[in-house]
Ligand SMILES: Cc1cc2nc3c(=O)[nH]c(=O)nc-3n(C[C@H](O)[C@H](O)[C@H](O)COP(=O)(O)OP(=O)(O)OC[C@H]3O[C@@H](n4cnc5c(N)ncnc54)[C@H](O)[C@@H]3O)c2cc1C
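Take a look at this single chain in structure tokens; it is the form predicted alone.
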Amino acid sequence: MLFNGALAMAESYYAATANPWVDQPPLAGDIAADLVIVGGGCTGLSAALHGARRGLRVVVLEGGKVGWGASGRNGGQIIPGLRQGATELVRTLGPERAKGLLDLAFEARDLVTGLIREHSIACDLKTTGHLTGAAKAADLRGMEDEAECLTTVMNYPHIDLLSAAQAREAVDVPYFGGLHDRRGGHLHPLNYTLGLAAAALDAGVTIHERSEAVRLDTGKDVRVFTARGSVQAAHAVLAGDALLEGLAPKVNRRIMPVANYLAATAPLADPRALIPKDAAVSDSRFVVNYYRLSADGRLIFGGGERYTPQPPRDIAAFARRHMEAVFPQVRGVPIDHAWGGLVSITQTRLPHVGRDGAVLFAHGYSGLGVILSTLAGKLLVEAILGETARFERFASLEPPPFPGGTALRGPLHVLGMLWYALRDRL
């Protein structure tokens, strides 16, 4: 597991600035519930909160601490939509089905910001937009098509196509232009996750931390086992994303865990000189660079590629190389925090949402899980309660398994990523 060793030892900026949290006790003994959830990240906690609101007895099993996985380690970028753009979805699904899917995906933004307001979650929420910078001139032509499709076909009027000069006014990087989504933004992901957990506890959810699920039995009811107990329930939700490991092999075959590395600088003397409008920013490279400012004026930067299962020996040095390539202005600025974690991707880069009898799951957000995960948790509960229409919009998109199963998906994925990384440099 990649969280062992160097990754686990590298404290993130988020962990260093986390809101207070009272640790929840490990599971001890055998208990019963209506719904048992494996994973204390945003997918699982959203399912827990929405399930409890609908009258279900809910138990969450988290192998580490709440937010210990990708939900508490990511870039914190609010990016409405899906990893496949509107033009690509229309081409593969047709305009009506693509619009229905994107309408639901766009709902995730309002769901998250609404929960933040409702539960007064202190997570440095900024609704300052998200900018995708065109790293190549050819990428801007694709953005023109995307803006047209979003505006006219999807009836999504929140997109601005930026010239090179306009993009430079938003971020001090020489992009060829960009696509700005006014409904984007950013937040402190760990504090959002902790706030979601607190809301779930207030709604009557039971959370057991340090309670890794080691076995899943299905039959008339579902039973999830840990080292010290078990939970029997009518339904189970698997919300471990890249950390499910061997718990559900049929589910695991359709996702690929990918290592993700970030760094946070020391507070900058003039952070707005880098990102004047305080937007969240990513670029159009296949191997994406993504960055934003923290509430205390740091640059939080993620990017670069690494294709081996072990983290770099020096995460800060690894991240610095990519950060200074984008922002030579910060060369030599101290890095106070550098950390890594796992996200999961699918072959189609669309989420893998579905069910296998009484077991439901959602993962494979492919880099857009900051808000999609909260929406997915809600959709899983709707499906459990027999309201399947919205759930089926995503479930019908089941991605194909990676060739070779879990044994060969890594080497084959490395070959593909090396090709795309080379293409980024051409």
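So that there is no doubt, residue numbering starts at 1 and follows the sequence shown. This is a predicted model, so every value here is computed, not measured.
There is also a form predicted together with the ligand; it is not shown, and the following applies to it.
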Within 4.5 angstroms, counting heavy atoms, which one of the listed stretches 25-33, 392-400, 51-59, 368-376 is next to the ligand in the predicted bound form? 368-376
Contact with the ligand in the predicted bound form for Leu380, defined as at least one heavy atom pair within 4.5 Å: yes or no? no
Should Leu262 be classed as touching the ligand in the predicted bound form when contacts are defined as heavy atoms within 4.5 Å? yes
Closest heavy atom of Tyr290 to the ligand in the predicted bound form, within 4.5 Å or not? yes
So in the predicted bound form, does Ile384 come within 4.5 Å of the ligand, heavy atom to heavy atom? no
Contact residue in the predicted bound form, chosen from Val326, Ile335, Leu342, Val330 - any heavy atom within 4.5 Å of the ligand: Leu342
If we test each of Gly129, Gly75, Pro312, Gly85 for a heavy atom within 4.5 Å of the ligand in the predicted bound form, the one that passes is Gly75
Within 232-254, the residues that have a heavy atom no more than 4.5 Å from the ligand in the predicted bound form: Ala239, Gly240, Asp241, Leu243, Leu244, Leu247
